[in-house]
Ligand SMILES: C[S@@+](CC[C@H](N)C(=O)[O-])C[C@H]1O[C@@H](n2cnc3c(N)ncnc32)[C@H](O)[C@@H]1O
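In structure tokens, the next block holds one chain alone, the form predicted on its own.
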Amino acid sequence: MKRFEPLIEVLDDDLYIPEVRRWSEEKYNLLGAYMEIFTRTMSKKWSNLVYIDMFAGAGYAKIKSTGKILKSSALIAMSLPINFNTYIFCEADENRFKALQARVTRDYSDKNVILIHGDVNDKIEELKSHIPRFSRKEGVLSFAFVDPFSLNLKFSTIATLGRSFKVDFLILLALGMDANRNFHNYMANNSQKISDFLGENSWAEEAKSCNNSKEFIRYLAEKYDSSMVRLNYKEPEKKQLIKSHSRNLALYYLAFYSKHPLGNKFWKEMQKYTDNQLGLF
């Protein structure tokens, strides 16, 4: 079988298209490769597969340096050879939401799509209500892609889904972009943003041993992993590091979490098809 190509170039359709940096191509490639493995394998075992995009975007994105327009995460998911049964998209930005809504209506009217306008941290109960319930007759397995612009993702949002459903997560941890740049500010002010991100308030005392932003990033990553393990997720495999092309600086890490060892196996298999950048650990 020919391998699915996640980088899907499209033409300008006169709807809103946000600009992104070139490294987004690596993100789309990683995401698409994993989803292809997930749907191909799990569709044989589960009667209902659900895709959740918690920061869904506009559906299209323009690479700033080249002008190339690509499908972004939500529409990559809808372009897979084997479909999810249900798609749930949440997006806070009004321009992005309206563009995504228009593209889904125009091009994917045959698919079961739920669109939610708002911050996923505020809309998580609504999102949760749209996930089909597991039963003996109908098994439900979800995959959630979580792509925030900063550390504005509350751990309670992830925990709400992780405690209630069988769901694998691919989460963008904006540690290079956010935690690195704001290290001194976060440490000096006992940041509530970090408390929300980690889901606990004890981090400030523990993080006093961090002498620089690199140590702080490692602390946050390990603390996040520990929080996911407490939700009965397996110890994660290596995180995928994404760097800027111009300065070779670490920007963020894609972290995969699953409650089943098969999930980690798929993540490792997916990494064979990508650019093989080094993980965080």
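Just so you know, these numbers come straight off a predicted model, no measurement behind them. Quick note: we count residues from 1 along the sequence shown, nothing fancier.
The form predicted in complex with the named molecule is left out here; the points below concern that form.
A.B. asks: Just to confirm, K27 within 4.5 Å of the named molecule in the predicted bound form by heavy atoms?
C.D. replies: Heavy-atom contact with the named molecule at 4.5 Å: present for K27.
A.B. asks: State yes or no: in the predicted bound form, is some non-hydrogen atom of V120 no more than 4.5 angstroms from a non-hydrogen atom of the named molecule?
C.D. replies: Flag for V120 set to yes.
A.B. asks: Please tell me whether any heavy atom belonging to F143 falls inside 4.5 Å of a heavy atom of the named molecule, as the geometry stands in the predicted bound form.
C.D. replies: Answer no; every heavy atom of F143 is more than 4.5 Å from the named molecule in the predicted bound form.
A.B. asks: Within a 4.5 Å heavy atom cut-off, is A92 in contact with the named molecule in the predicted bound form?
C.D. replies: Yes.
A.B. asks: In terms of non-hydrogen atoms within 4.5 angstroms, which of the given stretches 206-214, 191-199, 84-92, 106-114 touches the named molecule in the predicted bound form?
C.D. replies: One stretch meets the cut-off, namely 84-92.
A.B. asks: Going through 95-115 from first to last, which residues have a non-hydrogen atom within 4.5 Å of the named molecule in the predicted bound form?
C.D. replies: Counting only heavy atoms within 4.5 Å of the named molecule in the predicted bound form, the single contacting residue of 95-115 is R96.
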